[in-house]
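Same chain, two versions here, written out as structure tokens and called structure 1 and structure 2.
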Structure 1
């Protein structure tokens, strides 16, 4: 069995490799060559932790396995460790034998940023110039860095409930040579692409804040009860997702579906656009919205890619298991 420790991931994995792996597995999901297993998520009653498993099988890429991990809210203050902790386990689909164990923390951020980037590549207008960011925490910096590579953006506008965190975004925009401006929520109407990446349980972005032709990637809502955008926005938009079952139960669409303003049948898989079986954006005025809920197959895809890179560079640890 091979081990790729968390400390090796940063030097191995690139945004390009994460993008390619996620785009490919979204396409495999839409053509029913890959499927996700039901998600397990438990409050374990210890350290206030939420722990769970996300797994799946990709018959096209021959990737089988799971990501185990979750959220330990006291890690940072008590132990100086990050609160999100995860590990990916890959199995040989021919034999069921354990193939690899891979650090999943950085990979989670890279695969989540890759998902919104894939949605921007396939759904945003080609002439998008202003990128809007709602959220300025850990994931937001990865989201911004990856999104800036998708179009010739000339400006980033950012809003965060806690404005003292906005310099996190400004730093990334500056590094990419793009000007940054802090705005209020109505200021988002200037944006051609908006990414929401917060842990909010009530909407910040309202339908009136969004201009025709905008592409929105809702990336923060991955649990029942969380919400980042007004449900009315989903009834105005053409809605895409990684996986419909997750979108309507734990994703941003859960609220619009519960309110009866959106039906599960109206939500398309982003993979269908990648495959060419869905036309995607059909006009410059259309609002497109990607509900990125985060699926296990994304984790397996990036982990499999990083194992190949680790073997190639001679840094995978081989153990007799």
Structure 2
């Protein structure tokens, strides 16, 4: 079995490689060449942590495995560790034997950012100029870097429940040479693209905050009860997702479906747009929304790519298992 430690990931996986892996697996899902297993995600009753498993099988890429991990909200303040912790395990689909164990923390951030940037590439207006960010935590910086590569953005506007964290976003914007402005939530109406990346259980972005023609990537809701945007916003938008079953059960769409303003059959897979079987955005006034629930196949795709790179560069650790 091969081990690729967390410390090696940054030198192996790029944003471009993560984007390619996620885009490819979304397309495979939409063409029914890959499928995810049901998600297990539970509050463990210790350290306020959420822990679970996401897995799947990609027949096209012959990638089988799971990611184990979750969210420990007190890690940063208590231990100086990031709050999201995870490990990816890959198995040989021919034999079932363990193939690799891969550090999943940076990969999770990169694949989550890749998913939203794939949605921006395929659904945002070509002339999008203002990027809005809701959330300013650890993952928000990855989201912003990846998003800025998808359009010629001329400005970033940001809001966070704790405004003292907004300099995290401002620093990334400045590095990219793009002006940054802190705004209140109504100020999001200026944005052509909005990314929400919080761990909220009540909505912050309301339908009235969003202008016609905006693309929204909702990336924080991945558990029953979480919610970042008002359900009424989904009723105004054309809704896309990574996987419909997760979208309606643990994703942002769970609330709109529960309120009866959206049906599962109204939601399209982003992979269908990538494959060309769905037209995607059909007008400059249309609001598009990507419900990024985070599927196990994303993790497996980027982990498999990292294993190949680690072997190529001679940094994979081989153990007898």
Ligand code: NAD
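Just so we're clear, the structure is a prediction, and the values are computed from it rather than from any experiment. In this text, the rigid core denotes the largest set of C-alpha atoms whose superposition between the two forms falls within 1.5 Å. Residue numbers count along the first chain shown, from 1.
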query	finding
Selected structure - criterion: the form predicted together with the named molecule	1
Core superposition between structure 1 and structure 2, C-alpha change of residue 42 at least 2 Å	yes
